[in-house]
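As a starting point, one isolated chain is supplied in structure tokens, in the form predicted alone.
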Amino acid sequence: MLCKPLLKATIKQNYIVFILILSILMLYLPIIITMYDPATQESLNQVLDMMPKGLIAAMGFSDIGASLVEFIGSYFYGFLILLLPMIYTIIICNRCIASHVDKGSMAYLLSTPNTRGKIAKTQAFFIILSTTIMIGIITLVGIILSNSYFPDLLDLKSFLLLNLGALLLYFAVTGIGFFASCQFNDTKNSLMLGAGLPVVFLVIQMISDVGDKTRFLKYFTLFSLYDTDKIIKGETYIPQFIALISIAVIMYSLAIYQFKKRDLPL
């Protein structure tokens, strides 16, 4: 089902970007966790009150909460988890198909016994696997650090749900990026859709958090399906998770179908 030589080559091509983005995340996560101090939460809230409320809300810091998981959810999962992994997924989605077509190397790949479907499925597998590994490492490190610095203070169920939601969100985001990569013959157009749409979604999400007048914009962004506050509070999140899974399945299926059927400039 998978082309192992292609999978190995794709891993070799992208592992540096993976390590770079993960390293930045691993730099921020320990800092944020160690910043938590129940005794100083009120002082921190006072400092935030002195800053522009629109900017604070757009960055996801309007409600930092009182518990450890709420603190992490606000500072790390409110914005950083939406931005940094997205950079990685944009790059790898574009490289997996569109870049090969643009550079002409797809002709070589298709000259081997591998079918278009096998090539597309291999690249889709890499995207899903590497994204899962990244979120998995973040989850594991977050649990270890939280229990090391603040034993028994982490709400494990809520923390795991936060990471599951982030993973499902990125399955949907990479589905869009992979579809764009399979749809276009050049990296320019692939990035225009595969990178442009997620970035627009993120900007709309930030604007929708600024105030009541812009709240309606949340209905126009994919990121509104990942509501950290509702997840932590145990409110409705299952329909959102199902929606993200559905989007991912549809986009990946359409991408593979489109790549198998369309004409390529080989």
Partner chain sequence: MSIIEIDKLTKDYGDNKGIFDLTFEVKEGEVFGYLGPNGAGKTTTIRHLMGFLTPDKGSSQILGMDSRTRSAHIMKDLGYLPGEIAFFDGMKGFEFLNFMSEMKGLTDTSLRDKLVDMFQLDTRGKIRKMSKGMKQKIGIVCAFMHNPKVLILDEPTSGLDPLMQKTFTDLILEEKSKGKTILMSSHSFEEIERTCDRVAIIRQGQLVALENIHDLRKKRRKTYLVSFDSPSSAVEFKSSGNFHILDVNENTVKLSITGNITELIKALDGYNVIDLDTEKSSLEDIFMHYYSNCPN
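Predicted model only: the values in this text are computed from it and were never measured. Positions refer to the first chain, counted from 1.
The same protein also exists as the form predicted in complex with the partner chain; that form is not shown, yet it is the one meant from here on.
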Quiz item: in the predicted complex, which of 74-82, 147-155, 176-184, 96-104 comes within 4.5 Å of the partner chain (heavy atoms)?
Solution: 96-104
Quiz item: 23, 13, 253, 246: which sits within 4.5 Å of the partner chain in the predicted complex by any heavy atom?
Solution: 13
Quiz item: Even though the partner chain is not shown here, does residue 191 get within 4.5 Å of it in the predicted complex, heavy atoms only?
Solution: no
Self-check item: residue 132: touches the partner chain in the predicted complex, heavy atom cutoff 4.5 angstroms
Solution: no
Practice problem: Determine whether any heavy atom of residue 2 comes within 4.5 Å of a heavy atom of the partner chain in the predicted complex, and answer yes or no. | Solution: no
Exercise. Spell out, yes or no, whether the shortest heavy atom distance between residue 114 and the partner chain in the predicted complex is within 4.5 Å.
Key: yes
